[in-house]
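Take a look at this single chain in structure tokens; it is the form predicted alone.
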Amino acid sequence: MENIAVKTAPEVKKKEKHPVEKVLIICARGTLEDVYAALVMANGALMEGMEAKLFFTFFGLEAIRKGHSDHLHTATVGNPAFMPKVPTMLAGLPGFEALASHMMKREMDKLDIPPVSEFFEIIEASGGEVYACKLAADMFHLKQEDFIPEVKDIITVGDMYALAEGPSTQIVFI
């Protein structure tokens, strides 16, 4: 009898388990590019099966205030990576920041990136959690009712660290 080589189906590559199981993303700035960075990272973590929690503090609170989420601006002054050929003085002219923000939002629309408010809804629906910093909220005289509905709670820094419990948690600061 002749040996016949049996061909097997190519081995299906199993999705590797991430060494990171949970991310805590701290957003301290309220610029369009910083808030989107936090949202994209949280959404990516959720899509990879990780837990994702967002903690907004100081000027990052602007992103989670009712009526403010979709009106964030791009930082043009002091941001050398934004249009590197544009002199800093020009970037500070009235209306330039609004123009730059409009251009950035238009490019994101082309890529079908949702507006900030919709991104928060997606993250919450995917199991992500959003928190506001108690110290910053107190400093700016903000209460729970001042925030978007996706904000689960206003918590202290100690509470935030408790969210990061576990050896496989990464903390990302934006």
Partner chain sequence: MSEVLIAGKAVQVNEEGYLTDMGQWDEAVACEIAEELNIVLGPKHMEVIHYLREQCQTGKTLNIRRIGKSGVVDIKSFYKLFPGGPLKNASRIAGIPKPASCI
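Bear in mind the structure is a predicted one, so any value in this text is a computation, not a measurement. Residue numbers count along the first chain shown, from 1.
The next section is about a form of this same protein that is not shown, the form predicted in complex with the partner chain.
Participant: Answer yes if any heavy atom of Gly49 is within 4.5 Å of a heavy atom of the partner chain in the model of the complex; otherwise answer no.
Facilitator: Flag for Gly49 set to yes.
Participant: Is there a heavy atom of Gln144 no more than 4.5 Å from a heavy atom of the partner chain in the model of the complex?
Facilitator: Residue-level check for Gln144: no, no contact with the partner chain.
Participant: Phe119: heavy atom within 4.5 Å of the partner chain in the model of the complex?
Facilitator: It does: once the partner chain is placed as it appears in the model of the complex, Phe119 has a heavy atom within 4.5 Å of it.
Participant: Even though the partner isn't displayed, in the model of the complex is Asp112 close enough to the partner chain, meaning a heavy atom within 4.5 Å?
Facilitator: It does: once the partner chain is placed as it appears in the model of the complex, Asp112 has a heavy atom within 4.5 Å of it.
Participant: The chain here is shown without the partner chain. Which stretch in 132-140, 64-72, 35-43, 22-30 comes within 4.5 angstroms of it in the model of the complex, by heavy atom distance?
Facilitator: Of the stretches listed, the one contacting the partner is 35-43.
Participant: Could you run down 121-141 and flag each residue that has a heavy atom within 4.5 Å of the partner chain in the model of the complex?
Facilitator: The stretch 121-141, when checked against the partner chain in the model of the complex, contributes Ile122, Ala125, Ser126 at the 4.5 Å heavy-atom cut-off.
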